[in-house]
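The form predicted on its own is given below as one chain in structure tokens.
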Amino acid sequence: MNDTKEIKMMTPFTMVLLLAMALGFVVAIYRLVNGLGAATNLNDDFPWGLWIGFDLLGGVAMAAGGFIIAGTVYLLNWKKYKPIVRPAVLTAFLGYLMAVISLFFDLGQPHRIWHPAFMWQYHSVMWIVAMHVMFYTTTLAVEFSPMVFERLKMHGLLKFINGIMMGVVLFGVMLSVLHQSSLGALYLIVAEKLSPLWYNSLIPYFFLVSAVAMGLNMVSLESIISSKAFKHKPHMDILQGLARGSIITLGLYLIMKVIYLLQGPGFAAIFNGSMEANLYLLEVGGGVVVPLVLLLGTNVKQGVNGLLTVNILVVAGVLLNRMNIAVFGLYGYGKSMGGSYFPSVMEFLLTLAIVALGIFLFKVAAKYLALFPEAEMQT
């Protein structure tokens, strides 16, 4: 990798990110002052929209790569994946940051976001999700902290954190597995509202397996893009290992989908021409079947561009799955009640700002922290 001093911060791309964040900041202030009704198109029939489906559910699924790679390196001692553990943890941290910010602005009274920490509701899945977010965000901060302590030359704290890292990672893996599935459990209460194409009693497991698929491909996607942006060679053996993991995970996910269709609505339901059926076909066809076919082709696994295509398809497919469950799959019921929903301009702007913030912070970390130490040592 080239010296981090060669990473230029004030580029046209960075200026676009800063502009997006500035617009998002204005929207955030407007939403806090005037409320959800003024800033969004949410209503009683569609109380959750873009911020929950894309930012929160998508952001948390995106973060799954953090616990997968950290667990692989620290618990299974697969040293092969050590070069990508820091970027994976940072990507997960930023994914949860995106989720927390979106949740803050989606709450009717965001100043009460701290309530679950002190007002415990043991029988509430929503409370369990809130606690998982708090604990795992803190855990990711601890996993990320060695990079900061190295930069600040705080050797005592660095030694302490490295000493407890095994336990921290183990705790993080446990939390993340529970959290990915508990997000799916939230939708167990909407049996009569969510389209049968997505609703079933095993939806927590669908959330977990799809999150693992997205996590593997998000780590691969980040590795490829960062290698191009920051001028270091991609680890092809690592990327191919992630691709093999994707084949297994996507294959399992596809089998689960097929079995559920056979036991549930049936295959005819996905070919009836409805909006839900078309979105389902796009989600599963474009985000699962096509990537699997490409990965089973030997040429794809050998080239960066082929893997990049697969990564984009899988990430987009899981994001669409979360939007299908959070919004589109509920649209039929909401419409029957006389409601409708399409995100407002402000909703799009805030989402764009949150994504821009994540990209900007990743670039800052690459510039000022030892984010790719193994890559630097190889050049």
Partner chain sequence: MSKAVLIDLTRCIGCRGCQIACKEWNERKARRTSFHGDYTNPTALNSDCYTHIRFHEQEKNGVPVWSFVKNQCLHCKEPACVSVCPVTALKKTEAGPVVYRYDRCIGCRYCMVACPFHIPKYEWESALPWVQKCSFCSERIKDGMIPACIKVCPTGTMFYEEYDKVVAEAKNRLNRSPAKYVKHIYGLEEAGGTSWMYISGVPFEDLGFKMNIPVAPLPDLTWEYVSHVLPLFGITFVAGLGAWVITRRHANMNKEG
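Remember, predicted model here, so these are calculated numbers, not experimental data. Residue numbers count along the first chain shown, from 1.
What comes next is about the form predicted in complex with the partner chain, which is not displayed.
Contact annotation: T139 falls outside 4.5 Å of the partner chain in the predicted bound form, judged by heavy atom distances. Using a 4.5 angstroms threshold between heavy atoms, L36 counts as touching the partner chain in the predicted bound form.
For F149, no non-hydrogen atom is located within 4.5 Å of the partner chain in the predicted bound form, even though that partner is not displayed. In the predicted bound form, W120 approaches the partner chain with a heavy atom inside 4.5 Å.
Checked against the partner chain in the predicted bound form, the candidates L261, V290, V190, L97 yield a single residue with a heavy atom inside 4.5 Å, and that residue is V190. Residue L186 is the only one of V284, L186, L197, L239 with a heavy atom lying within 4.5 Å of the partner chain in the predicted bound form. Only one segment in the set 139 to 147, 178 to 186, 241 to 249, 228 to 236 has residues whose heavy atoms sit within 4.5 Å of the partner chain in the predicted bound form; it is 178 to 186. Although the partner chain is not shown here, in the predicted bound form the stretch 70 to 88 places heavy atoms of V73, Y74, L75, L76, N77 within 4.5 Å of it, in sequence order.
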